[in-house]
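Below, in structure tokens: the form predicted alone, a single chain.
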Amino acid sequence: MQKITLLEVSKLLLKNDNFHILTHRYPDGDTLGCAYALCFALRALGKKANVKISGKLPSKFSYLAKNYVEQDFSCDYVVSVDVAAMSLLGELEDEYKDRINLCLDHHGSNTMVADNIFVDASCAAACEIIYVLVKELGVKITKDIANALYTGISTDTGCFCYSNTTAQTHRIAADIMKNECDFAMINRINFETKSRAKLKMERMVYDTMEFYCSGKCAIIYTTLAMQNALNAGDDEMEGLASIPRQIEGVKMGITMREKEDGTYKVSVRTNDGIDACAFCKRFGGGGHVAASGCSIKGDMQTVKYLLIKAAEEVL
């Protein structure tokens, strides 16, 4: 296992063929944007490449696969994108855990095991890395690649509102927008459009909100019963984690999502420089300073107690 430069990454990609590109579980816009952009770029070079999604492609991101057709070949080279830890591969872990040749990521907490690793924590989204890589490979940014890259960058920055957004982020987005990118459609789908089921879920979630640490910490949750009552899937769950942080005076917003395996998926969003990554590392998770996550096994009251105690120590 060795850390390499982006130039070395491009040489490896040019040297090899027959790629499987892996996403993380509960796939979001960044991991999917990376995977499809890199896949289309490799195919433009005459190589064979397929995207392997942990779970299923959320319906809201179906436009990314509009011109994608699965290719038939035997995999020789495995690349993970926007995956910070082996456990985040989800259902892909068993098949690929000992086969990852290259890891591309922007999480400073990355603990992936791969032959070669490139991590740039200064990037707001992993798609910023893929953008530079596409340029390094000499591939023209087509409409499909532009849409994938813009999706990753816009969703991981909250449509350029989050504190991880940099001047470089804007420069990259501006260049992508020159290449027939459907940015208005992508923004509308990801930031303005909600299903009725999602609206109902948000209403239920607001009723679960509790405040701790003199109002500096807000916690919301979803249970399997709530999800089943609304027949809610991942599309309805996405974006809920941003709700508690939006409340005035809240420095740490915590979202708990009950899973069928007896664990709670915990998402932490913070304001005012509170380190969400350090907080989640207490429970074996990680991510970014202002947005991180972890999984905790236990019933709701036990998990909530652990989170509140940890929040009290931080705040």
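Predicted model, so just to flag it, every value in this text is computed and none were measured. All residue numbers are counted from 1 along the displayed sequence.
What comes next is about the form predicted together with a further copy of the same chain, which is not displayed.
Residues of just one listed stretch (70-78, 197-205, 117-125, 98-106) have heavy atoms within 4.5 Å of a further copy of the same chain in the model of the complex: 197-205. Contact annotation for the candidate site: 163, 188 and 271 all lie close to a further copy of the same chain in the model of the complex (heavy atom within 4.5 Å).
In the model of the complex, a further copy of the same chain stays beyond 4.5 Å of every heavy atom belonging to residue 135.
Shown alone here, residue 62 lies farther than 4.5 Å from a further copy of the same chain in the model of the complex, counting heavy atoms only.
Under a 4.5 angstroms non-hydrogen atom cutoff, a further copy of the same chain in the model of the complex has residue 171 among its neighbouring residues. Heavy atoms of residue 224 never reach within 4.5 Å of a further copy of the same chain in the model of the complex, leaving it off the interface.
If you take 245-259 and check each residue for a heavy atom within 4.5 Å of a further copy of the same chain in the model of the complex, you get 245, 246, 247, 248, in sequence order.
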